[in-house]
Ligand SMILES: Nc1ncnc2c1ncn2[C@@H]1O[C@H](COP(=O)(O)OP(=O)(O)O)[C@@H](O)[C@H]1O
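For reference, the chain that follows is the form predicted on its own, supplied as structure tokens.
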């Protein structure tokens, strides 16, 4: 589904990514791990269109997307969350999910201004889809609350629900459990596994190795902008290069 071929990302004299290649098949959860500053978020930004690689190709299906703007990439079926939560804090929980679906709408500007029957039917459908996500992430009782006032764990779950509101084929998760307690983390891991069962492809960046081992089919390890290992969770766990990257040579 997603194929990254020899992607290099330079910022001036800094090489943040150096000939990175990886694959995310349909219906699989792929982990991307590495020390802080390894280039993980830079790679997610390149996939989602927030940055354009200096060299290399990114294919989603048979489409090269490395030069596409973010909104086109979203329309193709790629959605993401952020390391730092980026909800619309002054909107309600429900409004965040409705706004996220704006790219799915087909009503004309005239239809929306005049609230024609087609526009009203479309709005009802968006409300229904948002309601289903609220139920899925156990946020129904908070639908009318301001998103910025939610507890941190609920904000994290709302951001994931908002990413799913675009009905993606590929979900990019950038440290989705940051700040969550172990119970919340395990529950989110269960959600990720359910998404895989529905056929969704997921690429997840995470420092919580318990979550990585809970959900991932394969793991890529990034260090100083280069892939240094790739394999199953058990293979990565015992890889000496990975141990050295995280703990140092003596570790």
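Residue numbers count along the first chain shown, from 1. Since this is a predicted model, take the numbers as computed values, not measurements.
The same protein has a further form, the form predicted in complex with the ligand, not shown here; the description that follows concerns it.
The ligand is not drawn, but in the predicted complex it has no heavy atom within 4.5 Å of residue 185. In the predicted complex, at least one heavy atom of residue 83 sits within 4.5 Å of the ligand. At the 4.5 Å threshold, heavy atoms of residue 38 reach the ligand in the predicted complex. Although the partner is absent here, residue 241 is not a contact residue: none of its heavy atoms lies within 4.5 angstroms of the ligand in the predicted complex.
Relative to the ligand in the predicted complex, residues 88, 96 and 100 are all farther than 4.5 Å at every heavy atom.
Note on the interface: of 39-47, 185-193, 53-61, 209-217, the segment with non-hydrogen atoms within 4.5 angstroms of the ligand in the predicted complex is 39-47. Listed residues 20, 16, 24, 236 were compared with the ligand in the predicted complex; 16 is the one with a heavy atom within 4.5 Å.
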